[in-house]
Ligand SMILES: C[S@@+](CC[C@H](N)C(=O)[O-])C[C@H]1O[C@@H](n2cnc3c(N)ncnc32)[C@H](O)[C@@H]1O
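Okay, so here's just one chain, in structure tokens, the form predicted on its own.
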């Protein structure tokens, strides 16, 4: 039987069992990965960004420091409520919206274009067809020169339709994208792509011609 995209109920069961089912708050692995993710972004600041699969909002917090406007969504209503509570206590320099949306049907095409889309730890929840739709929407929603960041756990999880390496292979096959960053380690892959010329941080800072 072919693997299918995980339903929203799968995630609700995870949050029913634990308010932080992946231990985002307590694991050094997760804290380090968030810091690597934010450091990999080639622009100091982004005008409009979209983060699907925001969970309880910890990566959202870091992104909000780098964005003027940020839409964060999750397929779990429980996770969305937790993220809203977490961010209600913070004063980011960002117009932040946190919404309950499930992909691929819930992609916010009406809010495009985005100059940053972050697909962190969500691609392997889709089957091949739905992942292709999500990537079509992600690329189609990017502003010219926009950034697409993709980050995934590499170890196989029995419940997940895809492995992290397969997700990154699918993104790398999209020839319209130009890879700006590749972070490859035993536990996770992180790729940053641009829709257009790859930016040089050194040139932007006047350090290179």
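Because the structure is a prediction, the values reported are computed rather than measured. Positions refer to the first chain, counted from 1.
Beyond the structure shown, there is the form predicted in complex with the ligand, which is absent from this document and is the topic of what follows.
S.K.: Given the stretches 109-117, 135-143, 96-104, 83-91, which is the single one in contact with the ligand in the model of the complex, using a heavy atom cutoff of 4.5 Å?
M.R.: So the stretch in question is 96-104.
S.K.: So in the model of the complex, are 29, 188 and 191 all sitting within 4.5 Å of the ligand, heavy atoms only?
M.R.: No residue of the spot touches the ligand in the model of the complex.
S.K.: Is residue 55 near the ligand? Define near as a heavy atom within 4.5 Å, in the model of the complex.
M.R.: Heavy-atom contact with the ligand at 4.5 Å: present for residue 55.
S.K.: Is there a non-hydrogen atom of residue 168 within 4.5 angstroms of a non-hydrogen atom of the ligand in the model of the complex?
M.R.: Residue-level check for residue 168: no, no contact with the ligand.
S.K.: With a 4.5 Å heavy atom cut-off, would you call residue 75 a contact of the ligand in the model of the complex?
M.R.: Flag for residue 75 set to yes.
S.K.: Applying a 4.5 Å heavy atom distance criterion, does residue 122 contact the ligand in the model of the complex?
M.R.: Yes, residue 122 lies within 4.5 Å of the ligand in the model of the complex.
S.K.: Using a 4.5 Å heavy atom cutoff, which residues in 11-26 contact the ligand in the model of the complex? It's fine if the answer is none.
M.R.: Residues within 4.5 Å: 11, 15, 22, 24.
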